[in-house]
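Consider the single chain below, provided in structure tokens and representing the form predicted alone.
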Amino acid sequence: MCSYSVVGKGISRVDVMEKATGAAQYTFDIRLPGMLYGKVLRSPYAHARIVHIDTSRAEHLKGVKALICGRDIPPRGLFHLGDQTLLATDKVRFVGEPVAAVAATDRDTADEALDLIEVDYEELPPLFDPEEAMAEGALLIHEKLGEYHRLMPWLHPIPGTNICHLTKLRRGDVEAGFREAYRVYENRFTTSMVQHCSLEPHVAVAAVGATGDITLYASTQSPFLVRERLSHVFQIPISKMRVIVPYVGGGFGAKSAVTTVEPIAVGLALKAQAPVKLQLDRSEEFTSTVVRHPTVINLKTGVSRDGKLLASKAKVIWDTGAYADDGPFVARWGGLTASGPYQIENVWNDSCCVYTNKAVAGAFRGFGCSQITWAHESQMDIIARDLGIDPLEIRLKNAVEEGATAAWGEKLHSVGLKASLRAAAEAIGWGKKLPPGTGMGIACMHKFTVALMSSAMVKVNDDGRVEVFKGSIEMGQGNNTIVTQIASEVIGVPVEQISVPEIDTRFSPYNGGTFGSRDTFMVGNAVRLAAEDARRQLLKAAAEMLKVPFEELRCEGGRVFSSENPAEGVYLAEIAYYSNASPAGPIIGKSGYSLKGIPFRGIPLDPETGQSERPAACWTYAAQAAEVTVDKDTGTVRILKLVAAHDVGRAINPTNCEQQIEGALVMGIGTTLYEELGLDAGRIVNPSFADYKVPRASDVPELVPIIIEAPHRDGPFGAKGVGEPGLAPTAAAIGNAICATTSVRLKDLPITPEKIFSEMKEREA
């Protein structure tokens, strides 16, 4: 293995002092002169027609500077399917949907103004069950589904139904596989609606310039997408739309698409001709921002007597709520991965994204992978225990390997799945004798990396310091540190001499968005190539200065010198100064990165079969194992140990990888054991941290992150992402461990003490 000076080292995060001292600025902290405060009036009904809106009393309230409702905004779609407008126009489709918005001199006045807006609604029958919504003759939530403008050609809505997207996967002859099978297992699994719980709420500050240009400060994961969609909605040239993103205080997918917060802030600022800050309160965070998709997953699996998987059939229903948002993307990837990271010759999957009159579901850490993994890894344990095969062994028997052909037709590369399984099993002590009341479980997963293009610039300043310009967002995952290490390695300058400016679409290079575990792979490659470009320019200028052949020069420690005579050299500051005064000009390396020969988003899936040679940039693999105890008198679960072995390709920063894995494990504990948004007639009944339970420090067990390296030939230094995969196998590993000690097999998340206790009592009876 190559030896690197910085890559592969667990250096401290480059932003540690800013964040530790409180100097780091977030959108939440932005204050502009003359700034107004925005508030949103939201629907109290899950499904209703808007008959009339009277805003006259609110508009005349002292301190109100702007008021907008659906009639004031062009009805252009915000999202990929074009099914949702900025503010509701003809009808509302979920409790919490924005209907009107005001901007006032203070928040109290804005709240008072909302109370003065009168809206007449005509209630309509709601649909809350996605299976009922799919039934023939069901009430249509979007009557004009076939007329919406689709931004993505691969979207497949079914007009005349509530299915806004369908992904199919077909390989082999699944019915023949079932006929050949020794046994066939059919099970139904469900997952709950959960929230992202980012500490920084959704917030945006919009200001209109004297020439009509707009500057937007936003807590978003996708500034270039926000710029594009706002330009479309308000018909403003994209060059006049500037999006600035300071640090983001958590996203987990909730801020990966355009939300209604950014355009409402802009709409109010345009109306008031003054800066407007729109910041959601915690209740709005729970009720009005996207949630993780509740799912119904029906799996049918045929196996041989010795546990070989012969056929797999899955029907996955994604409850996307009132609008599509990122739901079709989630359904697309869920449809590909529903059979698990296994070699199966016969696969038939349907993945349906379905409208209901509930909160909108969108991207959530893992992009559907956690829901799918819960199902297929629970199914694998059910099969193993019924056949009397060790759960680890049945996974090793069927796991994909290097060069295997995936169910969607891709020849797989950089596959560390079996190594991850063995490492997790060894670390948990798989097979050891356990005390009564204690059980172990294991689970594994595979996940895609989105192949959206990225670009970067690397500038060498006159003082020898280096700036890395990129469009990816730092939201706690350590991306600024990773790109710093990559640039440091390529150019040969200490990390202390490198800085990463905040994202500003006026000068930051384009990036497809910070989601889909893509930044290390795609942005990292763009930074690597840009740094190589800057390094070539440095060496070329140094060769002229030193009168030394280009090939003899080395760049290390912020200095360029001759390999033949190391004492003969110049510092980067001298080279930058020299280059500025030469025809070459400033030393600015630049590059874009996309997969060679691969379109913008990867090779499209065949709409009828789901086949594609390379739909994603790369695939990551992982295995997790859990050791738990269960109180037989209460059903309370106590997790003793969680082990997570993740294939990261190559760890640019091992410490950062371990931190990502540990954070995901804690999040996974929450979505497995506690988290669920309760509903009453479409209204979320627990919209606060007092009632919505997340893990406390006392709930966190011993965590053992393990890094597996199966380098990817296209990754920067062989690296892949690890931000999302850590969440995926946790629920199944815990659920399988609970079953191992109680013989209770729960198929519905979350796994609560009440459910366990009830099942144990039923078994006793």
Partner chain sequence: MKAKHIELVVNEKAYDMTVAVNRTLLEVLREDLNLTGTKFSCEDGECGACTVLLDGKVVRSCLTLAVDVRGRKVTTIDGLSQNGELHPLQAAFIEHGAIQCGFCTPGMILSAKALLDRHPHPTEEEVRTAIDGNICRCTGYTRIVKAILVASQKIPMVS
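Positions refer to the first chain, counted from 1. Since this is a predicted model, take the numbers as computed values, not measurements.
The next section is about a form of this same protein that is not shown, the form predicted in complex with its partner chain.
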Work out which of the listed stretches, 652 to 660, 148 to 156, 372 to 380, 457 to 465, brings a heavy atom within 4.5 angstroms of its partner chain in the predicted bound form.
-> 652 to 660
Should residue 667 be classed as touching its partner chain in the predicted bound form when contacts are defined as heavy atoms within 4.5 Å?
-> yes
Hey, in the predicted bound form, does residue 489 get a heavy atom within 4.5 angstroms of its partner chain?
-> no
Within a 4.5 Å heavy atom cut-off, is residue 678 in contact with its partner chain in the predicted bound form?
-> no
Does residue 565 reach its partner chain in the predicted bound form, with heavy atoms at most 4.5 Å apart?
-> no
One residue of 239, 582, 235, 688 in contact with its partner chain, assessed in the predicted bound form (non-hydrogen atom, 4.5 angstroms) = 688
Interface residue in the predicted bound form among 621, 323, 521, 252, criterion: non-hydrogen atom within 4.5 angstroms of its partner chain | 252
Residue by residue through 23 to 37, tell me which have a non-hydrogen atom within 4.5 angstroms of its partner chain in the predicted bound form.
-> 24, 25, 26, 28, 29, 31
